[in-house]
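Quick heads-up: it's one chain on its own, the form predicted alone, in structure tokens.
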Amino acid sequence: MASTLITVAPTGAETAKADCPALPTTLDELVETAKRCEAAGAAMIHLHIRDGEHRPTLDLGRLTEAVAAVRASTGLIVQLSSGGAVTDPYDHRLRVLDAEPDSCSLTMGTVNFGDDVFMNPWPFVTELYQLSQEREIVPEFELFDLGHVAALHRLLDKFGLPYGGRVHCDLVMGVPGGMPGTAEALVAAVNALPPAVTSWSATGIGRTSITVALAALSKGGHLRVGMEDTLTLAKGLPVNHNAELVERAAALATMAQRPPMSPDEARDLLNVKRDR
């Protein structure tokens, strides 16, 4: 790999705005964040949306508005979360595709998520996947443990390649209940990926972020960073803006002689649809 895809996940669904005022939750904040993160080296943005009270929502109007606003202001690939919050019903998660993002996340199985359970039963996974094929939306397969890697083999064997023909996945590491954020776990997961996988990234939650980033770069992978996953740069040093995390990822990638790729290069990598 000559360069590195950096994805920024700026908000998530878990952190409350009251607990982290720097978290971008309004449309204006998301657009400003997208612009600064693109300038810092991000090529894709993974969006969760909040309502007027800063609570997670899958309201289709807000999703559609956010996709349009980020597209109008940046060149970033726009990826919507199909996970929402752990309490969101399956039908609301499916209609995320109605907002016509370039990409959507697609988690390959159920996982304990701290004190909660992130539910992704097989029938939901297959319905979401087939809808993404029909709507010509590129999925990013989210893998929280080795069982999810095995499920990806099963999905591709049964339903074929995603829209665009490329298979991109993200190893989500360090979630309490999922695989640990260690180099050993990353290597095991990467070695088990299906042969059809054309690119992969890794996300280290919290204090595992740097360990996972360094291991991913060493193994030939890409990076996802952002305040959805990490709220401190170091112990006692809070993140004030997502651009700080993108800048750090870009510096690590550059040091590894794999500098950040542009959004256009990322479009070629993922083969997302270009005429939305």
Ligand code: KMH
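All residue numbers are counted from 1 along the displayed sequence. Note that the structure is predicted; figures quoted are calculated from it, not measured.
The form predicted in complex with the ligand is left out here; the points below concern that form.
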Inset, instruction - Answer yes if any heavy atom of Phe124 is within 4.5 Å of a heavy atom of the ligand in the model of the complex; otherwise answer no. - result: no
Legend entry - 4.5 angstroms heavy atom contact with the ligand in the model of the complex for Gly84: yes
Inset, instruction - Mark Leu252 yes when one of its heavy atoms lies within 4.5 Å of a heavy atom of the ligand in the model of the complex, and no otherwise. - result: no
Legend entry - Glu38: touches the ligand in the model of the complex, heavy atom cutoff 4.5 angstroms: no
Inset, instruction - With the ligand left out here, work out from 95-103, 178-186, 130-138, 113-121 which stretch has heavy atoms within 4.5 Å of it in the model of the complex. - result: 113-121
Inset, instruction - Can you tell me which bits of 38-67 touch the ligand in the model of the complex, meaning any heavy atom within 4.5 Å? - result: His46, His48
